[in-house]
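In structure tokens, one chain follows: the form predicted alone.
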Amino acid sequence: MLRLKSINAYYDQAHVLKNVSLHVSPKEIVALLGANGAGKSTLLNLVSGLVKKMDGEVLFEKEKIARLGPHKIVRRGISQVPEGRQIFNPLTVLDNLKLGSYHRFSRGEKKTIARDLDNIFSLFPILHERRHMPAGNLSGGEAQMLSIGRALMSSPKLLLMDEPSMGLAPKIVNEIMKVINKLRDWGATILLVEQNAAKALKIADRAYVMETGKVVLQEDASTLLGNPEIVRAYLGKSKKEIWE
């Protein structure tokens, strides 16, 4: 579904991604792991059309999308749950969700938009309770649920998730991971950037590990999680630490 070939990306003169290649197949959850500054978020932003200084190929369903604007990439079926939520605080929860489906109104998809909104409220009942509340009044966990729901309202074929557990209490992290697993059951395809490697590897099919802008390892998630030497070498933690 998604294939990156020999990607190099730059911020001004900084060479951030270095000859990166990876792929995500339909209905897979693929984890993208690595320390802060490894280039993970840059990679997601590049797929979303937010990084323009780059070379290499980004193929989505065999179509080249590297030079498309972000709005055109969303229309083709890629949506991102950004790091830090980035919800619209003054707007209500319901209006934030509706914004996620803005491009679908012009296609006459009002019935399917209403159906998808019901699905979001089924997935996150608390958002239904809070639907008329300003989004800025939500807790951190609720705001993350809203960010995921807003991305899902675009009816994506591929969902990019950037640090969905960041800053959340352990109980809420577990709830978010259960939601991601449920999205897999719904047939979603997900590229997941996550600092909590253990949580990510438990739900992923495959994983890539990045280090200083390069992909240094790719493995089945179960293989990576079960090898303490790999965990220690590339993620800087003992197996005990990564499981906690």
Ligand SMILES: Nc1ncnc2c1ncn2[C@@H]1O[C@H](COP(=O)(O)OP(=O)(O)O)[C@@H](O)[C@H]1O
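Given the structure is predicted, the values throughout are model-derived calculations rather than measurements. Sequential numbering from 1, following the sequence displayed.
What comes next is about the form predicted in complex with the ligand, which does not appear here.
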(request) May I ask you to state whether V24 is within 4.5 Å of the ligand in the predicted bound form, using heavy atom distances? (result) no
(request) Spell out, yes or no, whether the shortest heavy atom distance between D116 and the ligand in the predicted bound form is within 4.5 Å. (result) no
(message) Please tell me whether any heavy atom belonging to L224 falls inside 4.5 Å of a heavy atom of the ligand, as the geometry stands in the predicted bound form.
(response) no
(message) Taking the ligand as it sits in the predicted bound form, is V16 near enough to touch it, meaning that at least one heavy atom pair lies within 4.5 angstroms?
(response) yes
(request) Using a 4.5 Å heavy atom cut-off, indicate which stretch of 37 to 45, 196 to 204, 177 to 185, 59 to 67 touches the ligand in the predicted bound form. (result) 37 to 45
(message) Heavy atom within 4.5 Å of the ligand in the predicted bound form: which residues of 49 to 87 meet that condition, in order?
(response) E83
